[in-house]
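Just the one chain here, the form predicted on its own, laid out as structure tokens.
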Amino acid sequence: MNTGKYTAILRTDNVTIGYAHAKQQSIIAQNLNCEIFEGEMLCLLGPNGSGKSTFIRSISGLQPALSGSIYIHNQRIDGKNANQLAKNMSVVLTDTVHIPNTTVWDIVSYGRHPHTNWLGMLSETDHAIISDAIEKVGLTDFQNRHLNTLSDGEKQRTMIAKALAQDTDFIILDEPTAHLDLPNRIAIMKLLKDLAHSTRKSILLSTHELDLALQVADRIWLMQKQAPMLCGTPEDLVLQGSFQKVFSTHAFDFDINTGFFKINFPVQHYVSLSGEQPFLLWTTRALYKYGIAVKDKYSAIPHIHAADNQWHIEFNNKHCVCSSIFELLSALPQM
């Protein structure tokens, strides 16, 4: 992705975030320097307590930064009133919206509020923008449905459509997949990625979906506790060891070879393994959960050959054939 020809839609300059109490300040993170470009989907990641939500609130103008500057289109956000900010950025928060007797179309139409006159009258152009936003999130057939009849995933799509109807260059979402099941989490993340690229809007979202962020984000802002923010493509941050450093604990590690987080189980036994994929992968995973790791073949440990839904075990001149991993795990202690 070539961002060199674009100017930053939003950037921060040595920002410190936190809370002010009387004459004292409670600093959560400082020296935050980052930028987001046109048409870019960017994920804000970090461990709990690193300041993600506070940073989101600060750059959206909902909470003042303790120091430093935040710019939207090269203008400081602290010099803009609420209506001016609403014409520059759309914000979708985690809180679920509950408005009785309100349809999808009604909710999405609220996104046009910064652009209407004091009577709030919608023009033909407003109607066209609202319909287009609903279509972009795949809810055209749901536009007359009441919000309380929708699934959580459909509600989230409605709020994204509202942000699109607001027609800003920059959209911020705080934990947009927080209350969704896995299929909807994947669908929403892919939708946001597609929208950023097709509409050329800049989309920033904070998330705990580390695996999904690695797959869909153009770049990542990675917040650390008591350390500077790290910025880069997911792949660069992985290769630089940043994910391993920020997220690994005694309970799990980030596996740079697979791109997944791996729970650490204590290894108590070893086997050797041969065969075909995907049987090798899933056999290795199943064994590891039970403290059995794979080593090179030698006579002192059992050898397993996995292929075609059969698992052949050889050890101490014994041979056993299993038709499932469940049978394999039951047979190994007896070999």
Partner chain sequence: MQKPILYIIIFAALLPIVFCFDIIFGSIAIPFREVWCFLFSAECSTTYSTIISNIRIPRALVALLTGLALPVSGLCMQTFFRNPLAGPDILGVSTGASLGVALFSLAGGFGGILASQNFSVLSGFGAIACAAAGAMLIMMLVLVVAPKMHDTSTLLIIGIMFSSITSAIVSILQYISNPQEIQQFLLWTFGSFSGIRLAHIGIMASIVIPALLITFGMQKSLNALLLGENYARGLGVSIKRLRFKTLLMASFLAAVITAFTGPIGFVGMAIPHIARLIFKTANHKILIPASALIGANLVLACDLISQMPGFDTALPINVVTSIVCAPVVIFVIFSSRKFQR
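Here the structure is a predicted model, which means the values were calculated and not measured. Numbering follows the first chain given and starts at 1.
Unshown form predicted together with its partner chain; subsequent notes refer to it.
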property	result
Exercise: residue 120 in contact with its partner chain in the model of the complex, heavy atom 4.5 Å	yes
Touches its partner chain in the model of the complex: residue 79 (any heavy atom, 4.5 Å)	no
Its partner chain contact at residue 176 in the model of the complex, heavy atom, 4.5 Å	no
Its partner chain contact at residue 305 in the model of the complex, heavy atom, 4.5 Å	no
Full three-residue contact with its partner chain in the model of the complex, heavy atom 4.5 Å, for 182, 188 and 196	no
Region of this chain that lies against its partner chain in the model of the complex, out of 235 to 243, 216 to 224, 108 to 116, 133 to 141 [heavy atom, 4.5 Å]	108 to 116
Listed residue that, although its partner chain is not shown, lies within 4.5 Å of it in the model of the complex (heavy atoms), from 151, 258, 83, 74	83
Within 4.5 Å of its partner chain in the model of the complex: residues from 152 to 180 (heavy atom criterion)	159, 162, 166
